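Given next, in structure tokens, is a single chain: the form predicted alone.
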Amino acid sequence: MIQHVIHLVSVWAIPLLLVGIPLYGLLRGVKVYECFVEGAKEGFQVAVRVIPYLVAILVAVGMLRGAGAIDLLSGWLDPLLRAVGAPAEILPLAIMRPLSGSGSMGIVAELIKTHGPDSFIARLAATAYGSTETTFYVLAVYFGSVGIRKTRHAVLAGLSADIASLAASIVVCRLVFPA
């Protein structure tokens, strides 16, 4: 039953949003196309301002991966994840996701290739990927685009949300896809 509902939502969510949002705007008298073009112009200007921050975060991620820091941290956290019922194979994803979207997508793809798309590990990896955020990337881009240099509690809040999302992914996947 739950899988049927999930399937229906996954099939219809994007088409409904793509039709529903412009239709709602038209019904409200909004010039949808003009607003879209104006937003695209602003988005391009933001992208130009953000490039230095993107380069910095990509260099930092490359250095962490190249130095083996991700693997070292995985070794330290392995007993904790096993205690909560998560497979150890998910650790590199849990560590990489706050740092890099493309790096964590590579880990998800490798887990799916290694364990199969219908395996518990692949489903957990996909769920964790979709429910967590690239916290440091987001902070660099969003805070950088508006010139905020002191992030205060944003890093702690973002990482706490990532941990909560990972825990929720584990619980939900254990309920929906029993191993």
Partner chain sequence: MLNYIWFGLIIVAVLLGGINGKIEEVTKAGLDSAGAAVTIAIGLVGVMALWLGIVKIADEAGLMKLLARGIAPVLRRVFPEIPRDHPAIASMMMNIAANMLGLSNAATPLGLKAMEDLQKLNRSPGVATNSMCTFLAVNTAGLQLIPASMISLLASAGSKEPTAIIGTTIAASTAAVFAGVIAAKLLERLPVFAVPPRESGGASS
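By rigid core we mean the largest C-alpha set that fits within 1.5 Å across both forms. Note that this is a predicted model, so its numbers are computed, not measured. Positions refer to the first chain, counted from 1.
If you look for the form predicted together with its partner chain, you will not find it shown, but the lines that follow are about it.
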(message) Although the partner isn't part of this model, could you tell me whether Ser131 comes within 4.5 Å of its partner chain in the model of the complex, counting any heavy atom of the residue?
(response) yes
(message) I'd like to know whether Thr114 contacts its partner chain in the model of the complex, with contact meaning heavy atoms within 4.5 angstroms.
(response) no
(message) At 4.5 Å between heavy atoms, is Val84 in contact with its partner chain in the model of the complex?
(response) no
(message) Quick check on Met105: any heavy atom within 4.5 Å of its partner chain in the model of the complex?
(response) yes
(request) Go through 142-176 residue by residue and record those having a heavy atom within 4.5 Å of its partner chain in the model of the complex; state none if no residue qualifies. (result) Tyr142, Phe143, Ser145, Val146, Gly147, Ile148, Arg149, Lys150, Thr151, Arg152, His153, Ala154, Val155, Leu156, Ala157, Gly158, Ser160, Ala161, Asp162, Ala164, Ser165, Ala168, Ser169, Val172, Cys173, Val176
(message) Rigid core superposed, CA of Ala40 - does it shift 2 Å or more between the shown form and the other one?
(response) yes
(message) Taking 2 Å as the cut-off, check whether the CA of Leu27 shifts that much or more between the shown form and the other one after a rigid core fit.
(response) yes
(request) For Leu16, decide whether the Cα shift between the shown form and the other one is 2 Å or greater, given a superposition on the rigid core. (result) yes
